[in-house]
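First, one chain by itself in structure tokens, the form predicted on its own.
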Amino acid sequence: MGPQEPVTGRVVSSRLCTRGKSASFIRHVAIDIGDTPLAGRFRAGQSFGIVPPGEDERGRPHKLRLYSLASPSFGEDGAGRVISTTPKRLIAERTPQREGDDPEDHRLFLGTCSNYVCDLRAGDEVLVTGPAGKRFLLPAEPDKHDYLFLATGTGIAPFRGMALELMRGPGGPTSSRVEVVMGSPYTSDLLYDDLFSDLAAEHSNFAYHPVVSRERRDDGGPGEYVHGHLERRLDERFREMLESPRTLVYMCGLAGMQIGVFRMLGRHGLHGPYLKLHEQIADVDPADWTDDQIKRRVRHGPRCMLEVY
């Protein structure tokens, strides 16, 4: 259904999905679309639209916002009738956005749709559209590949759905290797930590790596980012996987994560199947790639799926 044809879903549940007390407010919201044409149409890795009620400051109806699907293709209910997402409340001070904005106006700004979705209660109706997205999906024959899922923040949402599909799907758990690397500032900001820990305990071919940047590691080492964790454990764990022709890399989260990951892949000569280099830097040593060169001249290749925001 397109943006002009939203359907009415009904909220089934809403709960916090952070680990303990966190400065962020991030929820897992499940929506029943079973009595609409959207039922059974979503695939893990896609997005769907939510249309918030009301009008903007110009008196126009609010535009829809896209949210990543956090549920597997068979839905939260096993029948594709209940989908879910992982909204984060946007709470910030106002800053000038356009010419003429008052630089002294620092009143609290609340994101229109994020807070609307987080405020929804079980039983509330919500306008939904979708599905959206064709590339950030599991392959047609998932058992023929291994998976390295790299996430920061709410970018973990699609990997929740993919992990459930691979490990608890109707066809039984995959025999493929699945590695989830989840980056967050603090341990309390880890999302779906209990689920990924449970999957790792249940399946020897599933591994979960929580990576925290602003706390010391369990071994006493300094905090690290996703690319730092991959590099620190490259020879021990990830090199063989990245060199395998079976491996697909998926990245989802804050824009900028890919800079460190792309540079790490290039520096260790692992970028071939995962990255496309512009001719202007084809002869530049990857160790010398600047952030600007990576942003402008390096693109994800056929075995790397990228969704950043």
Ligand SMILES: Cc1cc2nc3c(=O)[nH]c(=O)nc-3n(C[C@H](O)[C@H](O)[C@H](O)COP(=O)(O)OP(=O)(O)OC[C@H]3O[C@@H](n4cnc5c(N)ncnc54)[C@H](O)[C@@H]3O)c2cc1C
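Counting begins at 1, following the sequence as shown. Given the structure is predicted, the values throughout are model-derived calculations rather than measurements.
One more form of this protein, predicted together with the named molecule, exists but is not displayed; see below.
- This chain appears without its partner; in the model of the complex, the one residue of Leu127, Leu90, Leu234, Leu137 with a heavy atom within 4.5 Å of the named molecule is Leu90.
- Remark: Thr112 counts among the residues lining the named molecule in the model of the complex, judged by a heavy atom distance of 4.5 Å or less.
- In the model of the complex, the named molecule sits within 4.5 Å of a heavy atom of Arg94.
- For Thr86, a non-hydrogen atom is located within 4.5 Å of the named molecule in the model of the complex, even though that partner is not displayed.
- The closest heavy atom approach of Arg43 to the named molecule in the model of the complex falls outside 4.5 Å.
- You can rule out all but one of 153-161, 140-148, 179-187, 207-215: in the model of the complex, only 153-161 has residues with a heavy atom within 4.5 Å of the named molecule.
- Residues of 67-81 placing a heavy atom within 4.5 Å of the named molecule in the model of the complex, in sequence order: Tyr67, Ser68.
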